[in-house]
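Presented below, as structure tokens, is a lone chain in the form predicted alone.
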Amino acid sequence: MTAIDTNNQQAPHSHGLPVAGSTGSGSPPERFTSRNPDDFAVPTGREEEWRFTPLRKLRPMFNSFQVDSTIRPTWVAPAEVTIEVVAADDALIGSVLRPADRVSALALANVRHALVVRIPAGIELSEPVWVTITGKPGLNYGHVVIDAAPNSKATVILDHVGSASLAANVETIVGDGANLTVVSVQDWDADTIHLAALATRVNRDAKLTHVVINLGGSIVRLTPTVEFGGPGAQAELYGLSFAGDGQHQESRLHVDHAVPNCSSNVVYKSALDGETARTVWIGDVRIRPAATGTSTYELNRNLLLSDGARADSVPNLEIETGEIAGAGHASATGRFDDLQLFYLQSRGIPEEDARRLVVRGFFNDILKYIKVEALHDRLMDTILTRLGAK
């Protein structure tokens, strides 16, 4: 891939890296959160958190609305797992989420029921928990909670299909010593609007692997956040977006290191195929003064397959202590590497087949983290079909 690349690496125990978004005191501002939707102004597009988003299509979702559609969850899960629909006043609802925008706060305030997935303590699931969320046209709110109890090991798939205008929140709790993989698939119909906050707490010595796959929908805007509840916690965040004409796919991540000896790794990749295809990736990582021993890195790669396609990529790293194991970020956006294509064609591979092979390899760096064969194969088939291979 021929690319424009930015790469910043903070060496262990070094000082002096400029702090993004810092105040006059040298400390970054606190991220504003509130459960009250009225604490957030209706977005105008001038706000940093909304400046890349096509707001005109989202106007109905910036105020409380009357639900006029259905969102139907169905699931297949091992017998040990408990899945139930609970009222919005359940103690788990809002236990991790701290809304950072108006839509998330409105969804929390107006949702009436939530789907709760409970993984028992000390159990290792051999099969995934597969939740299919099917939408029908119209406006709706949604809420999902995944509660992985201490020392459990599980994979949970949230598979979004159908059509909807959905404002939603997803909360994930990874208990002490637990190992949880969450795969969020947005395979919506072409007219869907999906705005969601994905909030996770990873507790002591626990590991989270979080994979986001954006394929369908008109506008998909997801805001994953991670906080650490104790030393030894690990977060691996992976993302894949494949945007075509008329699609806007936006990912805004916020990883908050506030306790010592935790690690995070972020890898997001996008391919854009169409003159009006658009992706946005914002990666914010904050290392607070108490978060000594932190190791973190974030990487974003964008592959432009068509003239007119646009990918915005903004990595931000805020470091408030020099006592870290390492931190850095990198971003690149570009077209096919002509030498790579020439190499494949020189070995008898037609140009279109060569392009598909490059894209397949580009995305396989993310899809390899999906260990559920049926889902992995389905997603790859979808990508290849869109590339004209089937």
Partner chain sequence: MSTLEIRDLHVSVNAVGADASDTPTEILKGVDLTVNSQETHAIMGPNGSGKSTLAYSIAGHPKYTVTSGQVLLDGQDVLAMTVDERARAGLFLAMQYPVEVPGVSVSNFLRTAATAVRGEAPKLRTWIKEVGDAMKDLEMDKAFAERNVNEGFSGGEKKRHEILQMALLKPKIAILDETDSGLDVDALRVVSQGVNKVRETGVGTLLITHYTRILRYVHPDFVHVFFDGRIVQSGGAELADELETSGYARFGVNETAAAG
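Positions refer to the first chain, counted from 1. No experiment lies behind these values; they were computed from the predicted model shown.
Heads up, the form predicted in complex with the partner chain isn't pictured, but that's what we're talking about next.
Participant: Indicate whether the candidate residues 269, 339 and 347 are all in contact with the partner chain in the model of the complex, with contact defined as any heavy atom within 4.5 Å.
Facilitator: Every residue of the spot touches the partner chain in the model of the complex.
Participant: Only one of 365, 47, 39, 323 comes within 4.5 Å of the partner chain in the model of the complex by heavy atoms, so just point that one out.
Facilitator: Of 365, 47, 39, 323, the residue with a heavy atom within 4.5 Å of the partner chain in the model of the complex is 365.
Participant: Heavy atom within 4.5 Å of the partner chain in the model of the complex: which of 357, 67, 330, 55 fits that? Just give me the one.
Facilitator: Contact check passes for 357.
Participant: Would you check, heavy atoms only and a 4.5 Å threshold, whether residue 60 touches the partner chain in the model of the complex?
Facilitator: Output for residue 60 is no: heavy atoms all beyond 4.5 Å of the partner chain.
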